[in-house]
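Next comes just one chain, in structure tokens: the form predicted alone.
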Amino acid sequence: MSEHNGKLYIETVGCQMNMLDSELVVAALRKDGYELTNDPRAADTLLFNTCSVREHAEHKIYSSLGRLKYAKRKDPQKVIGVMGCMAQKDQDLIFERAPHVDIVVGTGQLAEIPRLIAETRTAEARQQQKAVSLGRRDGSVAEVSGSFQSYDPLRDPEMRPTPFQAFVRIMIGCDKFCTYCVVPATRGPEQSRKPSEILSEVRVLADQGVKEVCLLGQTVNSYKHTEDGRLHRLSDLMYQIDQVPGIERIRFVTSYPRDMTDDLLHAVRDLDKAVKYLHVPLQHGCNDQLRLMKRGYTVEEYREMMGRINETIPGCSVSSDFIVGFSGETEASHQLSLDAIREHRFKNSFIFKYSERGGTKAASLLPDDIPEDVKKRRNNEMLDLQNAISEEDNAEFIGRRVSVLVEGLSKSAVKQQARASAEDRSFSSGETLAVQLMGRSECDRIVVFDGNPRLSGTTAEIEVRDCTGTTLIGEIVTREVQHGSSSLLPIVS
């Protein structure tokens, strides 16, 4: 193959874990001289970081790959790679469905990507390459665990949500084995990182200007690791991160209900840097459905956990996940899920129609017997209820002041900027005071307000004037001290 142009395109679907994986891969490829581009047509190296949790995510990737078939035929020097959960699950099936793909790399072999790309590009004859981890039954626990990825702190700031926020993986894998879920197969056995390694990474991020870290794990509150003779849990880790200068906020996702211990709730309550927000999926409001899902808890046990959260951390926001249309779901059991949303009044819920995934216990043992139109109706009923509750609860914030970490331009401002660019008009980002900004409150509510984009990365106090079901709308009411200056700067004229 001829010399490549050094342009890299990467498309990421799925969860925060995938976003972090993409950041690590891009950082490694930058060392080889690659430069990111948002235009797949301009790149001669294209990577697709995939998700297998829902069928729609897989269809999206196969559609993207299909569009590249002609481009690869026209320019054989292009290297196309599929990485992540779908790569670990489907492996050779990807080569069958998309023969123009060059490399398939599972979740535990991402460090191999630079080498595989280089070998593919320099080979005299094109040869497809695959690097995947062992299946759960292909070796001992130690062998399978060892085949999944080591923790590489190499990072790429351009791939982060904002320059001031970063994901930190504290564990990988899952041992819960819910019947509907492919994660135990695609991410491997549960493994927790050393606290010393995590703290070192957080310090580096703080030195780079990161102010908020989000600790990641498939069931993040299951974290535990013994180091220097001491058992560290998530609460212990949070107390240590709280001492890192520069870090202002600590959050974590996603939590498992049975592992929501009192010591963790006390840490969230007592640490000023801890965001007063918990994502704890219920998945269903019916015990029969929870049993079929093998969730490992009952509705009553979840209710007890919510009682402890509300008692220990008054005002704490809680969000949830729900699956509609799982095997055998009746109208009565669906109504129990609606009742659970009414009872717990979640800040928001991520609601999904059940999608049978190959390789799961549900796919082999339970029928996918709920018609698609029924799934869609139940999904919409749940969304409507949750949206109504979210708007009602957001309205309680009107007239109150909230502390907001400013993330940057709001979605509407970004669209305005894009339109101005398309029309070849200037769009000031440095001096304009009337640009709509967005950030999140200490209880994880999205807040939009007018202000100077230079506020990005600072904390502002906002008085809430209005709301929607997803957003608080307000005005800045504080003044910020500019670093390196003793003068106070007005935020809004």
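Don't overthink the numbering: it's just position in the shown sequence, from 1. Source: prediction; values computed, not measured.
Just so you know, the form predicted in complex with S-adenosyl-L-homocysteine (SAH) exists too; it's not on screen, but the next bit is about it.
Participant: Would you mind picking the one in Ile80, Val318, Leu234, Ile323 that has a heavy atom within 4.5 Å of S-adenosyl-L-homocysteine (SAH) in the model of the complex?
Facilitator: By the 4.5 Å heavy-atom cutoff, the listed residue in contact is Ile323.
Participant: Between Val464, Leu68, Val26, Val53, only one gets a heavy atom within 4.5 angstroms of S-adenosyl-L-homocysteine (SAH) in the model of the complex; which residue is that?
Facilitator: Comparing distances to S-adenosyl-L-homocysteine (SAH) in the model of the complex, the residue within 4.5 Å is Val53.
Participant: Based on heavy atom distances of 4.5 Å or less, which listed stretch (53-61, 438-446, 451-459, 27-35) is in contact with S-adenosyl-L-homocysteine (SAH) in the model of the complex?
Facilitator: Of the options given, it is 53-61.
Participant: Even though S-adenosyl-L-homocysteine (SAH) is not shown here, does it sit in the model of the complex so that Pro281, Tyr354 and Arg357 each have a heavy atom within 4.5 Å?
Facilitator: Every residue of the spot touches S-adenosyl-L-homocysteine (SAH) in the model of the complex.
Participant: Considering non-hydrogen atoms and a 4.5 Å limit, does S-adenosyl-L-homocysteine (SAH) approach Val101 in the model of the complex?
Facilitator: Close contact is absent here: in the model of the complex, Val101 is far from S-adenosyl-L-homocysteine (SAH), nothing within 4.5 Å, heavy atoms only.
Participant: So, in the model of the complex, is Gln218 in contact with S-adenosyl-L-homocysteine (SAH) at a 4.5 angstroms heavy atom limit?
Facilitator: Because a heavy atom of Gln218 falls inside 4.5 Å of S-adenosyl-L-homocysteine (SAH) in the model of the complex, the answer is yes.
Participant: Residue-level contact is defined here as any heavy atom of the residue lying within 4.5 Å of S-adenosyl-L-homocysteine (SAH) in the model of the complex; does Ala274 satisfy this criterion?
Facilitator: Output for Ala274 is no: heavy atoms all beyond 4.5 Å of S-adenosyl-L-homocysteine (SAH).
Participant: Please determine whether Tyr180 contacts S-adenosyl-L-homocysteine (SAH) in the model of the complex, using a 4.5 Å cut-off between heavy atoms.
Facilitator: The answer is yes: Tyr180 has a heavy atom within 4.5 Å of S-adenosyl-L-homocysteine (SAH).
Participant: What residues, if any, in 250-267 have a non-hydrogen atom within 4.5 angstroms of S-adenosyl-L-homocysteine (SAH) in the model of the complex?
Facilitator: Just Thr254.
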